[in-house]
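This document opens with one chain alone, in C-alpha cells, the form predicted on its own.
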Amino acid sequence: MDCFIGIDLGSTTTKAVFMDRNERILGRGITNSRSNYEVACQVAREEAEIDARFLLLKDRLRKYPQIGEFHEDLMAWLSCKFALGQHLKQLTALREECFTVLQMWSKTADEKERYRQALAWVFDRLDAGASSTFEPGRRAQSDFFRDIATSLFLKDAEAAIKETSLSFDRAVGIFDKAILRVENKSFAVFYAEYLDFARRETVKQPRFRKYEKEIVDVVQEVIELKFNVIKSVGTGYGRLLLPFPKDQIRSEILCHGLGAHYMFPETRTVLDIGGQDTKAIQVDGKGIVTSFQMNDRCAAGCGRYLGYIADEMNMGVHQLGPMAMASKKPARINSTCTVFAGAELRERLSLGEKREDILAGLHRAIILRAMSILARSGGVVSEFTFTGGVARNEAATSALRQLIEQNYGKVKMNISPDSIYTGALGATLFAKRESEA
C-alpha cells in the first residue's frame, strides 16, 4: 500500500502519521522523545504503522456481514489485547534490565539476592495485574509504558520493601536506570506476535469463538501487508536531528498551520502549546500561515514546566489536569518561571494551600502567558484551534475557554482528541502534496 509519513520530533514526545494517496489518515504513533532521536523517530513510525494496520483490520472485518453487531466490540477486544501483549513484552524486558543493573550495583551476594527476590515479587505482581489494566472500555492511564509501569512499580515496590531493611530509594534507582534502557529499544517490531496474542485472547470470548476462522484470516492478511513509503517529511523542535535530508524538513509553524486546517477547515487562529515552546499562528482559508508569534527561549508555561511540577508533586503529568479540575478556590499565581517553580510550590504547600488549588492557579497562569502571545500574533479570529500536548490537559483547556470568552467573546474553539498529532499531520500533508506536485 502506498503511503506518506510525517514525523514531529518534539522535546518531550515524538509523533508520526501515516496517510494514503486520498489524504486519509491511516495511523498515528507517539512515543517519548529520547536522547537517541533516531530511536524516537523509529518507534513513533512503527507505532503509526501498527495503528494503520488496525484501521485496515477494521475495514476488512467490516466486510464480513455475519460479524455484524459484534464489529466494534470485536475491535475493542483486539486493540486491548494487542496493547496487553506489547505491555507484557516490555515488562519482561524491564525485569531483565533491573536484574542487570542490580548485578552491577550490589556490593555483596547477600544484598543482591535480597533485592532480586524483592524485585521478582514486584514484577510477578505487575505481570499478574496487567490484564486488568487493558480491558475494553477502560480508559488508558497513559500513552506511554514509562508512565504506566512507574506508577504500578512504585506502589508494589513500597509494599515489597516495607517489611525489609532494604532501601526503597535504591530499588527506585535501579528501576529508573533500567527503564531508560528499555525506552531506547524498539518493541513495535514484534507486532505480528502481539496481533497473534490478541487474536488468541479475543476468541476465548464465547461470542467471538464462532468467528475464529474469519478473525484468523483477516489478522494474517494484515500481518503480511506491506507499506510502500512514497515520501517522508519531518518537523518539530528537534527536526534538524531527524535522519532526513534537508529537503524533507519543514518548519513546525507551517506544519501546525496546515495540520490544523486539515482537521478544521474553517480554522483561522491556531494556538500550539508543546513541550518546549508556545506558538500562536494565523492562517488563511488554505491553511497557509499569514503571521505567527512564539514564546522566548524560556520553557515557562509549556509542557516541560508541567512535567517539572508533576515531578515536584510525585505525580504523572496526566494526573495534573484532573486534580486541578477539583479546585474550588484557584490560587493566584503570576509567575510560571521553571527555575523558581519548585521553591514556590513547596512554600505554598507549607502555608497550607491545597494541591488542587495551586495546580488550578498554575494552569491559569500558563494560559495567561499564552494569551499574550496570541494577542501579539493578531488576536483570536473564529474558528480557533488549540493543538499540542497541553491541549489534552482538561484544566488547561478549561482555563483557555474562559479567557478566550472574556477577551474575544463567543468564538468557536476546536480541540481534537488527536491534537497532539497536528504537527506530524501537517508534515504528512507536505510530503503527499509535494510528491504529487
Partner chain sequence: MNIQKKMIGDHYKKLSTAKADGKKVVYTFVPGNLNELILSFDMLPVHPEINALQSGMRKKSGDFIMEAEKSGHSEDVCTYVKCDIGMMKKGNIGPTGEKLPEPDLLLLSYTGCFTFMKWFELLQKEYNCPVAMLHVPYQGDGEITESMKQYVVDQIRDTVIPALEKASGRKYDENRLKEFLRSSARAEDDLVAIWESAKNRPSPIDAYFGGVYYIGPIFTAFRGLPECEQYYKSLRKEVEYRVEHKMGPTTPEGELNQQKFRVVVEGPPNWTSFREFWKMFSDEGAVVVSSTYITVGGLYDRGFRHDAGKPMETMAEYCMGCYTNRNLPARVDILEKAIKDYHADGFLINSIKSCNSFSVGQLLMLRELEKRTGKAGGFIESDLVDPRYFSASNIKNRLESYFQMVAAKRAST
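If you're wondering where the values come from, they're calculated on a predicted model, not measured in any experiment. We call the rigid core whatever largest set of C-alpha positions still superposes within 1.5 Å between the two forms. Residue numbers count along the first chain shown, from 1.
Absent from the display: the form predicted in complex with the partner chain. The rest refers to it.
The partner chain in the predicted bound form reached by all of R239, S251 and R376, non-hydrogen atom within 4.5 Å: The answer is yes: all three residues contact the partner (heavy atom, 4.5 Å cut-off).
In the predicted bound form, is there a heavy atom of the partner chain that lies within 4.5 Å of any heavy atom of Q293, even though the partner is absent here? Because a heavy atom of Q293 falls inside 4.5 Å of the partner chain in the predicted bound form, the answer is yes.
So in the predicted bound form, does any heavy atom of I288 sit within 4.5 Å of the partner chain? Yes.
When the contact criterion is heavy atoms within 4.5 Å, does K246 count as touching the partner chain in the predicted bound form? So K246 counts as contacting the partner chain.
The partner chain isn't shown here, but in the predicted bound form, which of 167-175, 231-239, 304-312, 211-219 has heavy atoms within 4.5 Å of it? Selected stretch: 231-239.
Heavy atom within 4.5 Å of the partner chain in the predicted bound form: which residues of 262-276 qualify? Heavy-atom contacts within 4.5 Å come from no residue here.
Core aligned, does the CA of V289 move at least 2 Å between the shown form and the other one? It does shift by 2 Å or more.
After fitting the core, Y408 CA displacement of 2 Å or more between the shown form and the other one: Yes, shifts by 2 Å or more.
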